[in-house]
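Quick setup: the structure tokens below cover two forms of a single protein chain, split into structure 1 and structure 2.
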Structure 1
Amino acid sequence: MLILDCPCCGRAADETELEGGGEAHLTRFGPGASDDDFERYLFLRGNPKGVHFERWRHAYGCGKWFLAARCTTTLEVFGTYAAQTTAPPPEIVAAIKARRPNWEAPV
């Protein structure tokens, strides 16, 4: 069972209390974007085997969105952090590198 710590309310929530929101740290394009940019944003998402950054909502708790870093193959959670963060925090990156020394941060 997947258990994530909500950084907003401080509760550990299992997957029955959460709603997944897809990939985190996406570049969103405004009204003047090209069709190709919008297509990439809307349809072409990463689906990595291994470390992945995701959006989650504590639906049956505080109701707020947050981000999580976890492994898609083992469900190992490296940490959670505020949804307003534009890139993974250094402590999350350090936790990933401590357990996966050969891991490279996405560009």
Structure 2
Amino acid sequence: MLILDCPCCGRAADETELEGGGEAHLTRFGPGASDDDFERYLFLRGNPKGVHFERWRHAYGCGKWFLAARCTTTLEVFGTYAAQTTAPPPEIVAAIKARRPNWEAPV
């Protein structure tokens, strides 16, 4: 049962207040995109064992979406941050590196 700090309202939210939204930082591809790009956007997910960036909505709280960097094996949370980003911010990357020195940010 996770607890995630919602960066939007500042509450430590119990998992039962949250809704998961899958992998974060996907790039949307629309009309005109190649089949490969569109496939990647719509269907392909990293599903990593280890560090994962994911979308959460504080559904029963402030209603806002936010992002979390979390380890899928230990459930360690490296940080939560605003959904209005296209890549993990430097402080999140630093927090992950501090705990997982061999981890490389996906390109």
Partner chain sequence: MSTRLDHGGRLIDRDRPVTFRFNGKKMPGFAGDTVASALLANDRVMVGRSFKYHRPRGIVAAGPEEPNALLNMGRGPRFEPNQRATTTELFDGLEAESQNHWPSLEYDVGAINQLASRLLPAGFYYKTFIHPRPAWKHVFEPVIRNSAGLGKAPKDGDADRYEHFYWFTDILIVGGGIAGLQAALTAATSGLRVTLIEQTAHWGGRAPVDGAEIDGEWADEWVQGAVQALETMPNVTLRTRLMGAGVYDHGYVLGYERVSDHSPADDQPRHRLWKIRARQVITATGAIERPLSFPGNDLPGVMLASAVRDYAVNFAVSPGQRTVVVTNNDDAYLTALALVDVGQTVPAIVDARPAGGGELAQEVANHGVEVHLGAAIAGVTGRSRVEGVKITAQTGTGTDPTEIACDCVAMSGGWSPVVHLWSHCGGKLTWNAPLAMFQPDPERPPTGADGQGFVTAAGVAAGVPIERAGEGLSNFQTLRSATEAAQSVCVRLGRSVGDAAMPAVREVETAPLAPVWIMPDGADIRLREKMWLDFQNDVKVSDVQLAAQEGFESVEHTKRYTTLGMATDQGKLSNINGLAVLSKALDAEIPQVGTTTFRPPYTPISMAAIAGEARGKTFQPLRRTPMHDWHAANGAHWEPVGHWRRPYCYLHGSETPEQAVAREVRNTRANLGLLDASTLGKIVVKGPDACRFVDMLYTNKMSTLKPGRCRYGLMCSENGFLSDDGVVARIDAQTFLCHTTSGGADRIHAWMEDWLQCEWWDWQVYTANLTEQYAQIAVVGPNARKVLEKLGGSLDVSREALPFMGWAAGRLAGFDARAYRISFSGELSYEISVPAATGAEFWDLLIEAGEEFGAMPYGTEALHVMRAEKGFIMIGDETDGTVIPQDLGLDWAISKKKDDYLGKRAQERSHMTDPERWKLVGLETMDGSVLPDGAYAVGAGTNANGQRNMVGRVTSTYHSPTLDKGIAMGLVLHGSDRMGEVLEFPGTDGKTTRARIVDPVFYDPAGEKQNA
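Each residue is numbered by where it sits in the sequence of structure 1, with counting from 1. If you superpose the two forms and keep the largest set of C-alpha atoms that fall within 1.5 Å, you have the rigid core. Keep in mind the model is a prediction, meaning the values are calculated, not measured.
Structure 1 is taken from the form predicted on its own, while structure 2 is not. When the rigid core is held fixed, the Cα atom of residue 47 travels less than 2 angstroms between the two structures. Residue displacement note: residue 34 has its CA displaced by at least 2 Å between the two structures (rigid core superposed).
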